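Okay, so here's just one chain, in structure tokens, the form predicted alone.
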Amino acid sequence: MSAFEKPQIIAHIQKGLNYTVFDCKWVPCSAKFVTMGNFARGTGVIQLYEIQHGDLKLLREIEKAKPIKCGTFGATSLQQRYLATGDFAGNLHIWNLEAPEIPVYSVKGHKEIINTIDGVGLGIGEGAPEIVTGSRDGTVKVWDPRQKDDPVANMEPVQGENKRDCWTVAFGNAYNQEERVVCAGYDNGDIKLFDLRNMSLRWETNIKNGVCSLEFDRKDISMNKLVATSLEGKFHVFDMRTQHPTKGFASVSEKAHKSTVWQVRHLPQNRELFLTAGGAGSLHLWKYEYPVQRSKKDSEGVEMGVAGSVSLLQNVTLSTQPISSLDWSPDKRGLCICSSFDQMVRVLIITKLHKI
């Protein structure tokens, strides 16, 4: 692919903020997005922005008692578009951004900070709306926003086992009313796949470095691929179609950045393309190529997966600080937002994605 045919990553709008921003998310079916973080005075903040004539307009600023670490629109309907957030005190809140004074749902979900959150259901995938949270207290909990106080599932370390800091969670396999999995990544490199249908640990592995981000290429299809990013600049792509009884899932790994790979996000309109965000302020755009055959038989005739390969399409350095969060627009191909620890939020345009 020549330089002219390659996608270009263009910083369209950059805005400095007066707080530390931890997460940013597009509001579905709009040109709006939210940023979440904490002010220097120790309170939490949610800001709602809209893109207007090539600039950002602040529509609303909401201050809350505790710093806000993460948020998702994944479990809400397109009519309501409620934002679910996890904060430093372990609270899970769901906000109506039109009337954000009191949360529409509130639960003290964890004993310590909620590091990570994901949602599935009404807008994405079949089945009930559900939210999953992962915390420093070592537990991963699944919540139904229609059910108060108690989680519908709680994955915690067994008695006597060390509790590990959970850094990332992701829903997947939600292709019908019954099937659903949660994948969780921990600070010691553990990746655990929980089957929510029969409440069991389906698979686990260790990638030797803390797992910063996990994402299935799609939540609402039969498990296809899972990307895991880690502290030492590496990421792994697992082929989730074929599980071998002892070897698990086949994978390919790539040394991507010189430092931590903080985030991975798949392009909503093409699941073979994904962006990774690095600790040195860089973004890398990758393409996954499937092998000729995705499975083969081992010496005993048992099916095992075959991993594909990844190629780098484009990379750009946007900041001197880590890019802490990243989100593709679900509606407009190539539109993307990212936030970084230099207290900036950036709207990016990535070109030529329809030609790949």
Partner chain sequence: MTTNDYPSLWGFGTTKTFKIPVEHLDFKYIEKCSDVKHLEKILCVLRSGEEGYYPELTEFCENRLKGLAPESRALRKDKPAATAASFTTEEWEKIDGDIKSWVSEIKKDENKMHFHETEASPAMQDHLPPVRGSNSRVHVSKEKYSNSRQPKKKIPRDYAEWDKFDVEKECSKIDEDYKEKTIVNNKSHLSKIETRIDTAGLTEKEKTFLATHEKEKGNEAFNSGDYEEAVMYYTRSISVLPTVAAYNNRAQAELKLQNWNSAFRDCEKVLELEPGNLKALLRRATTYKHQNKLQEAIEDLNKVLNVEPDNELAKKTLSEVERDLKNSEPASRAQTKGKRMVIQEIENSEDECGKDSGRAQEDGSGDKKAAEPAGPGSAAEPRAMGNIQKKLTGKSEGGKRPEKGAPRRGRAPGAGADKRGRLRAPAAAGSGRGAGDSAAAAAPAGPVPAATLGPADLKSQGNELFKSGQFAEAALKYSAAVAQLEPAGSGNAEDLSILYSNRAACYLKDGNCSGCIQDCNRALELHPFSVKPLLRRAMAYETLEQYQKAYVDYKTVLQIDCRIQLANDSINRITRILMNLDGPSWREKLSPIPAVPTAAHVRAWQPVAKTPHNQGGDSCSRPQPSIADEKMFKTLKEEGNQCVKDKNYKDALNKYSECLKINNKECAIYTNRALCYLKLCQFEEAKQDCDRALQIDDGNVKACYRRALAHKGLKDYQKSLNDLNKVLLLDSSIIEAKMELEEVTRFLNIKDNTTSFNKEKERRKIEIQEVSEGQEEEPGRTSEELSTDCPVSENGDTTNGPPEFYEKLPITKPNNAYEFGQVINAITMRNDKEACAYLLTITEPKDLPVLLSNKLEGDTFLFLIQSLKNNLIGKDPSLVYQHLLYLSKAERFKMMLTLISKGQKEQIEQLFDDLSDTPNKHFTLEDVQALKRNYEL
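Numbering follows the first chain given and starts at 1. Please read these numbers as outputs of a predicted model, since none were measured by experiment.
What comes next is about the form predicted together with the partner chain, which is not displayed.
- When you look in the predicted complex, the only residue of 106, 206, 259, 270 with a non-hydrogen atom within 4.5 Å of the partner chain is 270.
- Not displayed here, the partner chain is kept clear of residue 89 by more than 4.5 Å at the level of heavy atoms in the predicted complex.
- Looking at residue 302, you'd find a heavy atom of it within 4.5 angstroms of the partner chain in the predicted complex.
- The partner chain in the predicted complex is approached by residue 201, whose closest heavy atom lies within 4.5 angstroms of it.
- In the predicted complex, none of the heavy atoms of residue 307 sits within 4.5 Å of a heavy atom of the partner chain.
- Judged by heavy atoms within 4.5 Å of the partner chain in the predicted complex, the contact stretch among the candidates 307 to 315, 320 to 328, 66 to 74, 35 to 43 is 307 to 315.
- Looking at the partner chain in the predicted complex, residues 60, 238 and 345 place no heavy atom within 4.5 Å of it.
- In sequence order, 50, 51, 52 are the residues of 46 to 76 having a heavy atom within 4.5 Å of the partner chain in the predicted complex; the partner itself is omitted from this view.
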